[in-house]
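So this first bit is one chain, no partners, the form predicted on its own, shown in structure tokens.
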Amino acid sequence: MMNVTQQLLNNQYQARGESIFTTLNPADQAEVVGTYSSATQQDIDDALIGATAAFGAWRDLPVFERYAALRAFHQAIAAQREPLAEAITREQGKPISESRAEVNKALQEAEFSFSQALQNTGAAPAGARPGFRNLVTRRPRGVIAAITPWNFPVLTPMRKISPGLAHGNTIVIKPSEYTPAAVHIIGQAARDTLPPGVIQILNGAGDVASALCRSSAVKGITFTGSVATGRRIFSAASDTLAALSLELGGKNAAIIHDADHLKDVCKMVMGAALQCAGQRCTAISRIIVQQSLYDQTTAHLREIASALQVGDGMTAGTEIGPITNAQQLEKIQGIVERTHRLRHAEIICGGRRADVPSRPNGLFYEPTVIRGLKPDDEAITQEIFGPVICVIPYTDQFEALQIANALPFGLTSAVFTNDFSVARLFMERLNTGMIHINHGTAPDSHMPFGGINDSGVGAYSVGDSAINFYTTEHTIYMPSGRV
């Protein structure tokens, strides 16, 4: 008999509908990994009713009691490190070493989020009138809808669940229909440690997310994914004026201005480009390199990319796993094939599906490096979300800035230089929410994470800024003496 994972509603697995979907192993599309029921409108309504009912008691729980419950939740998740990592790799595809690192980072961020909630979140500004005190306080926002993508099935959900719960909210989460297994492991940890209704899990595709986002019971929507979907969520939220925290796409640049050890820099950049097979919003996809280093850089990139081992993420030695789903692979193939037909473009390595004899049904794609592109070429302007890197030359630092800032995205960037004045120029003028100097685009677990322009809306997640989304601010004026 088929084992179907249902909706997690008020700490019980429930389902009313008959709509079923399956997840497939991207390394072997013949392998069904999981079977799930899709949420009905009644499931969505019940999740929101349950989360609303649970909010009052969770909000009013003394902060140290809430912290103790969250610590138990954290420990229950930590006890499932390996099952979580295996769930990531079997549904998403990344190498098991990357999956383990993702789980560990998620736990680090959660620990920081919990500690942040213990800090003083108010203020007592000086009063402007005699005999009055001024206070600024914060309260939990309420029911938070969390819509999460398929590329980081543990890190991104936990990045929303942890600060949301720590600040006293309740969470209704809709994981990607491609990778829901890990969220259900997290849900089991919640069942064992948290009050009913604090976390609700809904399975399904975009229709479930849309219905969730249009509900007036939702007071905040946090989403990570494409710009196009972010725009639809932004539109949906206009009906209810729910608060938004949208982490959207990127077309991130690494600028190589100068380097004592160019090959080492290229290895660092390729690591930032090809983690998760390039399927992450912070992946480097444009390498903007000084003209004098252009040929040498492309040679190093070809050598590095050609040596990478593509294969099943559960196989030892795999460095590049498969593309997560067939639709994404088709998108990558389409962009590269159209680029290949351009006379001026040169694909110096890769550019086709990778042959992995042990996994003939896998969605593998070779690490690809392209040079010779023009500014308006599709491979330059569009987020490919795959193991594809475009190399662009420049003559001086101001041209490099112009190239880097030419697109509407603004998530992250990296600069490699030994010249402090050059580094300072890029720190001041790169139009990205995160800027890295002389290292790749991996963020720390306590720093604000987010983008500007088309790459983000609302408060950044993680770090001190997350409180601006997960709480509301209240200004209070009161007499300092007897009323």
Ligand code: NAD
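All values reported here derive from a predicted model rather than from experimental measurement. Position 1 is the first residue in the sequence shown; the rest follow in order.
There is another form of the same protein, the form predicted in complex with the ligand; it is not shown, and what comes next is about it.
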Find the only residue in Q108, T315, N134, T229 having a heavy atom within 4.5 Å of the ligand in the model of the complex. T229
Assert contact residue (the ligand, in the model of the complex, non-hydrogen atom within 4.5 Å, options E98, E366, E91, E383) equals E383
Per-stretch contact check against the ligand in the model of the complex, the hit in 199-207, 123-131, 164-172, 98-106 (non-hydrogen atom, 4.5 angstroms): 199-207
May I ask you to check whether G249 falls inside a 4.5 Å heavy atom distance of the ligand in the model of the complex? yes
Does the ligand come within 4.5 Å of any heavy atom of V310 in the model of the complex? no
E319 within 4.5 Å of the ligand in the model of the complex, heavy atoms: no
With the partner left out here, check for me: in the model of the complex, does some heavy atom of G225 sit within 4.5 Å of the ligand? yes
Counting only heavy atoms, which residues in 134-165 are within 4.5 Å of the ligand in the model of the complex? I147, T148, P149, W150, N151
